[in-house]
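Just the one chain here, laid out as structure tokens, in the form predicted alone.
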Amino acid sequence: MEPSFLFGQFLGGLTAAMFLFLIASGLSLIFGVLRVLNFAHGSFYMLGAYLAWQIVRWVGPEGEGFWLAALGAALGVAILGAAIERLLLRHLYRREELYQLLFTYALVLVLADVAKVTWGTGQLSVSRPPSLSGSLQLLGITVPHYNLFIILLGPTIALVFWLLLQRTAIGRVVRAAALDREMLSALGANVGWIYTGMFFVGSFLAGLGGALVTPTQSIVPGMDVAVIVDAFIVVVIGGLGSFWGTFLGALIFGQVLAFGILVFPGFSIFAVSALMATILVVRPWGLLGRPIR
């Protein structure tokens, strides 16, 4: 194995990791604040992909309409997620966690049927934006500009959200809501709208991830189930509710998947699952997570 080949595998794993981080970060954010395991997060990702394809058809594939489509799809999914939280999910916060799981799983079934009825069951695809359609030579391999954009976008989003949560007044309120909702409400804060806002942001990240993956992956029914499994593996490895833990979990997942194919051809998914099982045994709350009391 030549160094250039290994570097190509590394970049491939890094690209996959950043796609997964975009999706899993929203899932981890929702759990960290609302303490809700949202199985429908993968459905929001799928809807983001379908909406991006639809908007591209409306504005035309020429030019830089892809960016408008990605932003519009993410906002559309975010509005849908906020409406679901505001009108339906909030009635289950004081119920047992089983009711929340069943509700979000029911959303998966409903949204999957809605997508099939609206866009059919065939494969759809979106072209890369002209501004990122090229490639460059890096250490002997060809790297698409779009992949480099995704690799840089992941750390940028992680840093921006970390600064917002740790260095702003809004971030302090959000962290307080995650720690003690009743005390924050007694101090006069509208915790309900904080929860809605976090669900909006988490859904936005899922929709954005779905929109951005369309130039590299076909849009098909069932993509929601596949991605939610990978997203849960990422947040379990990194730690539920930990933003940087999710980033670390995505990096580990991507590299184990990329190099696991070389070591165990056909068993790369097994390698990731075995890693998750080991972490659950040794450190059930994840690498950077904290035990839930």
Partner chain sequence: MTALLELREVHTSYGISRVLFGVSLEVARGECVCLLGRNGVGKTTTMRSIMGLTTPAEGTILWRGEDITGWPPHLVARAGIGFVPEDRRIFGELTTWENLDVAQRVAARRGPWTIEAVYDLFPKLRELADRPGGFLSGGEQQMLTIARTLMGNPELLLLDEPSEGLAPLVVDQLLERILLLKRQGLTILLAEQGVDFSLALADRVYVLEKGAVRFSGPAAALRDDAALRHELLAL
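Predicted, not measured: the structure shown is a model, and the values here were computed from it. Positions refer to the first chain, counted from 1.
What comes next is about the form predicted together with its partner chain, which is not displayed.
Contact with its partner chain in the predicted bound form, defined as a heavy atom within 4.5 Å, is made by none of 128, 143 and 148. Checked against its partner chain in the predicted bound form, the candidates 153, 176, 83, 101 yield a single residue with a heavy atom inside 4.5 Å, and that residue is 176. The contact residue chosen from 189, 112, 71, 124 relative to its partner chain in the predicted bound form is 189, the criterion being a non-hydrogen atom within 4.5 angstroms. Its partner chain is not drawn, but in the predicted bound form it has no heavy atom within 4.5 Å of residue 157. Of the heavy atoms in residue 183, some are within 4.5 Å of its partner chain in the predicted bound form. A residue is said to contact a partner when one of its heavy atoms sits within 4.5 Å of a partner heavy atom; residue 172 meets this definition for its partner chain in the predicted bound form. Using a 4.5 angstroms threshold between heavy atoms, residue 118 stays clear of its partner chain in the predicted bound form. Partner contact region in the predicted bound form: 161 to 169, out of 209 to 217, 196 to 204, 129 to 137, 161 to 169, criterion any non-hydrogen atom within 4.5 Å of its partner chain.
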